[in-house]
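What follows is a single chain, given as C-alpha cells, in the form predicted on its own.
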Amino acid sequence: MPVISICSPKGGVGKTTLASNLSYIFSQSGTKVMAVDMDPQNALRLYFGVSLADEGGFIASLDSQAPWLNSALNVGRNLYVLPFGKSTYEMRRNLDQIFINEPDYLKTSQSAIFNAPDLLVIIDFPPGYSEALKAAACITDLYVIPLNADAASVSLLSQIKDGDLFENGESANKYCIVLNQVDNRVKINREIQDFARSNFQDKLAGTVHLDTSVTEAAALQVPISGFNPSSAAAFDIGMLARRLGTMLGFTVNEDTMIISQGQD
C-alpha cells in the first residue's frame, strides 16, 4: 500500500491537521491506515484522542531495537497512530544518526509498517528539511505539501517548483501542493490560488477553506468529518482524499468513500 509523506518548508500550515483528517477519511473507507508522527513535537497523537499524559512513542524503542510497530496505538476502526514520543536531544540525535548510517532503515528494519502490503501509511514530518524526510525518500509514493495562501507562500511555491525541499530529483517529481486556510474574501488568497493553478496545474491537488470548525474539532480531538461533516473544510478534505486516491491508483466511491486498489 502507498506511503504519503506530508511535509512543508514552513511551519504553521496545517500539516498535522491535514495528516490526521486524511487518516480518518481513508480509514472510514475500509482501508487500514497508520498515521506516523516524525515530528519531535509529538502532537499528532492528540488529534486521535490520545491523552496528553501518554507520552510513549517509537523514539523510546531505539536503544532496545524493538520494532516501531510495538508502539502503535489502535485509535479507531482500521486506524492506528504511531506517536513520536517524548524525547531528549540525545534521542533525536541518535535517530538522525540511524537515518544517516542506514539510508534504507525504514524500508528494511521497519518494513512491518513502511513496506506492509495491506497498510496505507501517512507520515507527518516537521517543517523544513530533516534527516527523517531524507530517509523517507525510499518509501514515499507521494509527498503532500500544504501551504497557506498568504504572501509568505509565494517564494516557497517557487522553491518547491525548483525542487529545493528535496535532495534528489526523483523525490522532487512525486509531490503535490495543497493550499490551506484559504479565504476567498482576501484578494491575495485569490491571487495565490491563480498563481498556483497557472504554475503547478495538476500538481495542485486541492484547497482547504478557512473554517473555524477545524480548530474546534482539533480542540475536541475529533476529525472535522465527525465534528461538522457539512462544513466547508470537511468537504474540501474529502475531495482532497479522493484526488490523492486517484493519484495513487485507487478507485474511490464518492458516496461511501470505499477505496479499492486497481485500475481507474
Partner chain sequence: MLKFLKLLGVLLIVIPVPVFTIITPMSHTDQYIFGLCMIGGCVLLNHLSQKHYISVALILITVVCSTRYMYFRLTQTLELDSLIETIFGYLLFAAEIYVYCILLLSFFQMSWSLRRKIVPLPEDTSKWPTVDVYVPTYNEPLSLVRDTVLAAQCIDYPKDKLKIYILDDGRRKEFATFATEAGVGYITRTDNAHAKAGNLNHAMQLTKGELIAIFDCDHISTRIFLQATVGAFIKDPRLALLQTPHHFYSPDPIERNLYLGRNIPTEGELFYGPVQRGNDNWNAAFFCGSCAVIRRAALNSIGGFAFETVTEDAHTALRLQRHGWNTAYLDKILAGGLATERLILHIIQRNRWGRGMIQIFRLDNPLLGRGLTLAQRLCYLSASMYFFFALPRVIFLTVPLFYLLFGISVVHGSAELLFAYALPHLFLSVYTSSRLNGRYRYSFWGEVYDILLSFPLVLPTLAVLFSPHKGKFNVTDKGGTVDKAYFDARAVRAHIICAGLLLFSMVFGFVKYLMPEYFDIQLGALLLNVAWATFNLSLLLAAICVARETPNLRKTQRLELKAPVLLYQQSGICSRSTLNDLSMTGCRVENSIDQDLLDDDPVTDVEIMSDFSSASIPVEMLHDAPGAKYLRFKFRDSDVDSHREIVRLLFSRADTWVAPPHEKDNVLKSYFTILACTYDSLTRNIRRNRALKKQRRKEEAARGEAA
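Numbering follows the first chain given and starts at 1. As the structure is a prediction and not an experimental result, all values here were calculated from the model.
The protein also exists as the form predicted together with the partner chain; that form is not presented, and the subsequent description refers to it.
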Can you work out whether residue 183 and the partner chain are in contact in the predicted complex, taking contact to mean some heavy atom pair no more than 4.5 Å apart? yes
is_contact(residue 199, the partner chain) in the predicted complex, heavy atom dist at most 4.5 Å: no
Might residue 77 be said to contact the partner chain in the predicted complex, defining contact as any heavy atom within 4.5 Å? no
Would you please decide whether residue 32 lies within 4.5 angstroms of the partner chain in the predicted complex, comparing each non-hydrogen atom pair? no
Any idea which of 50-58, 202-210, 36-44, 66-74 reaches within 4.5 Å of the partner chain in the predicted complex, heavy atoms considered? 202-210
Can you pick the one in 86, 174, 190, 93 that has a heavy atom within 4.5 Å of the partner chain in the predicted complex? 190
